[in-house]
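The data below hold one chain only, encoded as C-alpha cells and taken in the form predicted alone.
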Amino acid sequence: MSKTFHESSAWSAAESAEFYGVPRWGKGLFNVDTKGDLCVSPRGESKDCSVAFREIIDGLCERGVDMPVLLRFEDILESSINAINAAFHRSIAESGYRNVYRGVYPIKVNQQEQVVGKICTFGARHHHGLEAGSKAELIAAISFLRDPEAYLICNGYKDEEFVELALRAKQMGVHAVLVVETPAELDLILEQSLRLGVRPALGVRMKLSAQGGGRWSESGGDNSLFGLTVAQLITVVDRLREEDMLDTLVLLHYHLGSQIPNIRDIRSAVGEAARIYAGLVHEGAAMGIIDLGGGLAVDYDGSHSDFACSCNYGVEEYCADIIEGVMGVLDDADIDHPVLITESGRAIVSYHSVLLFNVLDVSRFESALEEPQLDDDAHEHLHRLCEIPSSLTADNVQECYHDAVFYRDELRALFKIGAISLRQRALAERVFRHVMFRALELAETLPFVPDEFVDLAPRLADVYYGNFSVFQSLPDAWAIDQIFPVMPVHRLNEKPTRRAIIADITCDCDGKLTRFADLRDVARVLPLHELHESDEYYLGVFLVGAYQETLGDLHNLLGDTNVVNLQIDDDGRIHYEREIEGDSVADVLSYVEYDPQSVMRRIKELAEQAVRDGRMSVVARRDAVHAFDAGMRGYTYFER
C-alpha cells in the first residue's frame, strides 16, 4: 500500500510537494509555493522567475483559451539543451578528452515545427544537430539546419529518393552522414553517389551484443531489427576498400533503445562500441565520430532507481561514464579520440511540455451508512452482513472482511434464484462497500497491510472526469503503461482527502489514468481534493514533451488540444509567445474523410424535411442550423 489518508489537523504546501513527489521528479523546474500553488521555474535553481500555474491559467482564460491546453515552456527547452551540452563539456575538460561533443536531436521524439525550430535556435551555440529517420523528417531537418558544424544523422530505412536528398543536402553544405543500417543500403548509396557526383559521408549502425534494460531493450542485442552484425560490417569495409571509398566511412553508430534505466547497461555498450571503433580504425577506415544513439532516461516517477520509468543516474554521471569508457579503450589502442554524438531526445523535450485540464465531474464512493432497517423476513445472511460494521476493529479487520465477502457472495447467489428482493440486494451491496471502506482505513494503520487489502484502494476510488483524451494527449499511458507525474496545480495548502482515478471524456474503459508515481511502488490511486461547486479544479500532467503529440490518435474524434508556447523573463513576467488552436469538429471530420460542407448540407436537408413534415418551424430550423454550424467550428473538448 502506498499513499495513505490518515487524518491530521493541519496540512502545509510543503507536505503537498513531498506527497506528490515534486522535488524528486521536478528537477528544480517545478516547486510548490507557500500559497499552495504549483509553480514553474524554467531556469531551475533560480526561483526569482518562478511563476504559479494558477497565474498562467488566469492568463489563458482571459485570452479565451479553453482547456485542455498543452503548455510548452521554451525556457525549459533551452535549459535542457544547455544542460546536456554543459555536462559533456565539463566532463571533456575534467578528463582531458581530446575532441568535442556534438548533440543531435532525433526529430521522431517530437516532430512539431515549433519544437524542432526552437531546438535549432537554442542549440546553435552548441552546434546541436538533428537526426532524421524518414524522408519527411529529412526534408524538415534540412530546412532548419544552417550550421556547417552541426550534424545531420540520416538513419532509418532508405530508398533512392532518401539517399538522393541526403546527398544533395551535403552538396548544399549540410553536414549530412548517411548511416548504413542494412547490407542492401550500401549499394544504393554508392550508386546514387556515383550518379550525382557527390562523395558521401558514411556511418554504420552496429548490432551490439550489449542490451539495455527497460521497455525498449529489444532495440539492442543480436536480434535488434536494425544494424549490421560484425560479419556484415567487415563485408561493408571490404566493399568500400574495393571501391576506393574507405575514407568515406567516418561514423560508428549504435542504439540501445529509449529510456535506459540502468547506467551499467550504458557503460557496457560504450566499451563494446569503442572496441569496434578501434577495429574499424585498424582496418583503415577514416572514422572520427562515435554516435551512441539515444537512451538518456527521464526520471518520471522520481525514484532514482532502475525501474522502467526512472533511472539510477543523472546527466553528469552519464556524460562522465561515456567519456571514460571511450577513452579507456582508445588510449590503450593509441587511437585519436573521436567526436562524440548522442541522440538524446526524450531527456531534452520531456520536461518542457505540460498538459493542463479541468475536472468536469466526479463519481464518488460514499462511505457513510445509516442504520440498516431490515424487514422481519430478511434473510439470515443479510442480518449477519449488517452486523459486521459495528464489530469491525483493527484487530479483527481481516476476519470481518472475509466474513463480509462470504455473505456478499451468498446473497448475490440468493438473488439469482429469487430468494431475496432487489431492495435487499441493494442494501447488501451498500453494507459491503461500507465494510470495504472501513477495512481499508483500518488496514492502513497496521504495521503490515495484508495482501487482500492492497487492491481495495482502486476499487473504492472516486472517478474524477477530466476534460481531455488519454488516447490523444497521453497515448503512452494507455499503450505501454507509461507513468507520468500527475497532480493538482493549486489548492496544495489543503490536505487531499479523496482517493481517485482519472477518467477522460472518451467512451472507452481504457480512457483513464490508474497508475501514478510512488516511491515504493506504482500507486493505483491519486490523492485529490474535494471539488468546489463554484471553482474549477485543474490538474497537470508533466514530462509529456516526448512522443505524445505525434503518437496521439483521434479516438472518439477528439482532436489536438490547444497549444500555447510560453517564455518567462527574469522578472517573472509571462510571455504568451504563440497560440495554436486545437482541432475543431470540422477538422477532425475531415481527417477521417468527411467533407464538412457535405455534412452540413445533409443536416440542412434533414432540417428542411422536418419543416415540411410539420415537426419544426422555420425559425427552429434556422436556430438548429446555426447550432450545428457553431458545433462544427467548435472545440472537440468540453466547452463551458
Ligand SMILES: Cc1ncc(COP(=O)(O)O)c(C=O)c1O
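Everything quoted here is computed from the prediction, not taken from an experiment. Counting begins at 1, following the sequence as shown.
Just so it is clear, the following notes concern the form predicted together with the named molecule, a form of the same protein that is not shown.
### Listed range touching the named molecule, judged in the model of the complex by heavy atoms within 4.5 Å, from 169-177, 69-77, 330-338, 250-258
It is 250-258 that comes within 4.5 Å of the partner.
### Interface residue in the model of the complex among D299, E343, D504, E185, criterion: non-hydrogen atom within 4.5 angstroms of the named molecule
Of the candidates D299, E343, D504, E185, E343 is the one lying within 4.5 Å of the named molecule in the model of the complex.
### Query
Between the options K512, R267, K108, R430, which residue brings a heavy atom to within 4.5 Å of the named molecule in the model of the complex?
For this set of options, the contacting one is K108.
### Message
Check for me: heavy atom within 4.5 Å of the named molecule in the model of the complex, for each of N155, R205 and G295, yes or no.
### Response
Every residue of the spot touches the named molecule in the model of the complex.
### Message
With a cut-off of 4.5 Å between heavy atoms, is W478 one of the residues that contacts the named molecule in the model of the complex?
### Response
Flag for W478 set to no.
### Query
Though only this chain appears here, would Y547 touch the named molecule in the model of the complex if you measure heavy atom gaps against 4.5 Å?
Because a heavy atom of Y547 falls inside 4.5 Å of the named molecule in the model of the complex, the answer is yes.
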